[in-house]
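Take a look at this single chain in structure tokens; it is the form predicted alone.
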């Protein structure tokens, strides 16, 4: 749980520099809004924690200066006059951009690898044009024109992807067009009798939720990237959200879709269920632009709950916490959130808290002393957040049932205070990654899913693999984890890792990242639970799909995009 500084007037002026065509973009060198950043001065436990975890003395280190855009060597656009004219005809000449800032903003996503590259000025290939279609017809015209001119098209939503799904391939010799969907940002209709909303794909999370809330509805989908990611991006990467336990992943939420493809619009009717052969809907989910540009979706929505309550719990250790989560998943309770952090992440979370004073400080010390008298090792203690939504009576019934399970597994309730703070700060964590990167430290995430019977083995095995990788580099590193989504048969484990980088940051990062990813595969998991494949996770895809499965995907891509014009070399190399 982080705490951020807010932008100054000067920062707001800087923000205007990354706003084009009425579409707001994140800063080109990092996450989020210019001027908003993590700070630690009011968190007395944070600096000692970082020193112990990765050996970085925050009091002795100075952050790097903000990167200077003028120092970048941006390759010139290779878009020729006919392509420029075709794009202008499709979207309007004033919605075709080729300035360096716009092109750099659309080059990468926001993975640590992306940020290392762009901050170092490594721009082997950037989009040659950025276009801003204002409606579905314009998107369709762009798709057809790109294919007719044998160019490459890459869809762009909020730019938050961390799997390499957005970057042009370095060796691409054809012109590259980034299609920014930011102007397609409206909720078009709500079928209140069916709980279905028709929504344009470029809408970002906060705008979508605000438009739905104004009508009394919610989509219930809140990924970490919520503030800067789009509905189309969620669909294209098979996103999950913090409340997927109740509302489902985006694969459950998105019922119908419209996709601009070469020669025509793919229109998938929204129905509760259908027996219509192999699912084209499933093909679009997670397709990362390789099957076309998602322009619109019909999504399941729910009435804004009358009551929402997030309670915090402590468990004596990881095994007790995961056992409780498994029992909750097997019950009929169905809370909106079931999350438990391991002891490492719990220690981190406590370190990001502001200093408690007065009765709050006394109560915390008294609680920890009480737990120690009960035989708890506070370094192994695990913090859990469980969220309840619905009518007040339903929420109360859910909470009673959950707390019986919590108590049965040795856990205790610590009330709603930490849950309120978690709810307020849940989208701020990416700013902490930039804070560390400014001080020469890599901080990143990887997630997987695994059946319940293999979950604890996965947890321990991934930590061991990361620690072995750190040892091979001669680096002091850190890795921590939480269970973020529960299913009937298993759960998602979400790992965060960090280390101080040396002279070759990307190569060192590769050693750690690859060790973690390989451990996922070796221990029966998948390379990604909700961040997509892109190029980052593609090497491990054959392990979970089998080579014949890769053949099926490549056959699909070859048949539907024979010219390899639609975001080629993502998911599979061909």
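Bear in mind the structure is a predicted one, so any value in this text is a computation, not a measurement. Residue numbers count along the first chain shown, from 1.
The discussion below concerns the form predicted together with a further copy of the same chain, not included here.
- Heavy atoms of residue 524 reach within 4.5 Å of a further copy of the same chain in the model of the complex, making it an interface residue.
- Residue 82 falls outside the set of residues with a heavy atom inside 4.5 Å of a further copy of the same chain in the model of the complex.
- Although the partner is absent from this view, residue 249 contacts a further copy of the same chain in the model of the complex, with a non-hydrogen atom inside 4.5 angstroms.
- For residue 408, no non-hydrogen atom is located within 4.5 Å of a further copy of the same chain in the model of the complex, even though that partner is not displayed.
- Note on the interface: of 312-320, 169-177, 151-159, 482-490, the segment with non-hydrogen atoms within 4.5 angstroms of a further copy of the same chain in the model of the complex is 482-490.
- Using a 4.5 Å heavy atom cutoff, 272, 332 and 560 all lie near a further copy of the same chain in the model of the complex.
- Of the residues given (194, 377, 213, 472), 194 alone sits with a heavy atom within 4.5 Å of a further copy of the same chain in the model of the complex.
- The single contact residue among 78, 463, 280, 137, judged by any heavy atom lying within 4.5 Å of a further copy of the same chain in the model of the complex, is 280.
- Shown here without a further copy of the same chain, the chain has 282, 283, 285, 286, 287, 300, 301, 302 in 281-304 lying with a heavy atom within 4.5 Å of that partner in the model of the complex.
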